[in-house]
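We begin with a single chain expressed as structure tokens, specifically the form predicted on its own.
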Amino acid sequence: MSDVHLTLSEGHAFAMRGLTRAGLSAENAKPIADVMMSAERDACQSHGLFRMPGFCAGVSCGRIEGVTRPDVKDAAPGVVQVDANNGYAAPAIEAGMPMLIEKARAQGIASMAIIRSHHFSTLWCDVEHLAEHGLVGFAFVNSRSFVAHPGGVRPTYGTNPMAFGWPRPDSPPLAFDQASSVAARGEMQIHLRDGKPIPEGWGIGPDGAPTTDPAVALAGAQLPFGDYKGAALAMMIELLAVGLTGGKFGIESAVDDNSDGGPAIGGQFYIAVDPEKFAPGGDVAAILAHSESLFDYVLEEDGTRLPGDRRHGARERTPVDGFTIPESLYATILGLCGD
């Protein structure tokens, strides 16, 4: 399989053409295209243009609203609620972020719930955005059920990622974004696309037997990282992202799946913290400098790195070198664009 080379601007143009042709308004398509290109820029193929067919399919089949706009509600002094109105999450998150940042600065801590939305992208972009505004950020999102509870074989939880961002005075924010499953769903799908076995421990077949065949694991269930520890985090995220927002748990949204490749309806929950309000004497510079001493200690040993370092390395290269996608995906994207 050969690859096709693209620049970030070319990729963004393809994304906008395909998304709007599928039925998304340009206003809603732009934040989705932005986040896909952020993933390609950071060398995270599983959340880049690889997701474009699913984004388009969810709208073109009529399951997800493409032109609706999110409604932002000032729910309490420290609470923002955004109703995505059955649209994609990226426009809703973008719409709610300014109020979340304002409330966190005013109150010291604030939260944001996104309801009636379909999340299909990264979380590190969101917590980095908060950290770039000097805030500590947490993000949680659920998905349709893919992951078995330890001791069981049925898909019970979503891959349920979580993200954390920390501001740094003279460096890009520290940020991590990880699933509560051993592997992200997209990573397993890429292994299937490329004809590669998955590592042991990523998933089980419908009969509960361990497998390295991605097709069998995708038909069965993924596994949580750390066994019961990862499952406990997955349950916590279901409760934060859905239990608090009145949305659908993964086991409920799985019933609505029509196999179009797009995401299920779910929920997201964000927390933003202003470190200045917690710093003794309001000296935020002192607590951030103190945190840097921890990072320095970690990096003293050869072979160590901080979360996100690989993304930042790719972030410097990709704007110059561009990125590649498989020829088969490129052909699919051309079809979505009407070429």
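One rule holds for the numbers: they count along the sequence shown, beginning at 1. In this text, rigid core is short for the largest set of C-alphas that superpose within 1.5 Å between two forms. Owing to the predicted nature of the structure, the values given are computational and were not obtained by experimental measurement.
FYI, the form predicted in complex with a further copy of the same chain isn't displayed, but the following is about it.
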Original post:
With the cut-off set at 4.5 Å between non-hydrogen atoms, does residue 162 touch a further copy of the same chain in the predicted bound form?
Top reply: yes
Original post:
Even though a further copy of the same chain is not shown here, does residue 291 get within 4.5 Å of it in the predicted bound form, heavy atoms only?
Top reply: yes
Subject >> Distance check, residue 205 to a further copy of the same chain in the predicted bound form, heavy atom within 4.5 Å >> reply: no
Original post:
Looking at the partner-bound form in the predicted bound form, is residue 298 within 4.5 Å of a further copy of the same chain by any heavy atom?
Top reply: yes
Original post:
Within 4.5 Å of a further copy of the same chain in the predicted bound form, heavy atoms considered, which of 214, 262, 173, 247?
Top reply: 247
Original post:
Of the listed stretches (193-201, 119-127, 237-245, 85-93), which one has a non-hydrogen atom within 4.5 Å of a further copy of the same chain in the predicted bound form?
Top reply: 237-245
Original post:
Does the trio 77, 251 and 279 actually contact a further copy of the same chain in the predicted bound form, every residue with a heavy atom within 4.5 Å?
Top reply: yes
Original post:
in the predicted bound form, which residues of 211-239 put a heavy atom within 4.5 Å of a further copy of the same chain?
Top reply: 225, 226, 228, 229, 230, 232, 233, 235, 236, 238, 239
Subject >> Rigid core superposed: residue 94 CA moves 2 Å or more between the shown form and the other one >> reply: no
**OP:** Answer yes if the CA of residue 187 moves 2 Å or more between the shown form and the other one after aligning the rigid core, and no otherwise.
**Re:** yes
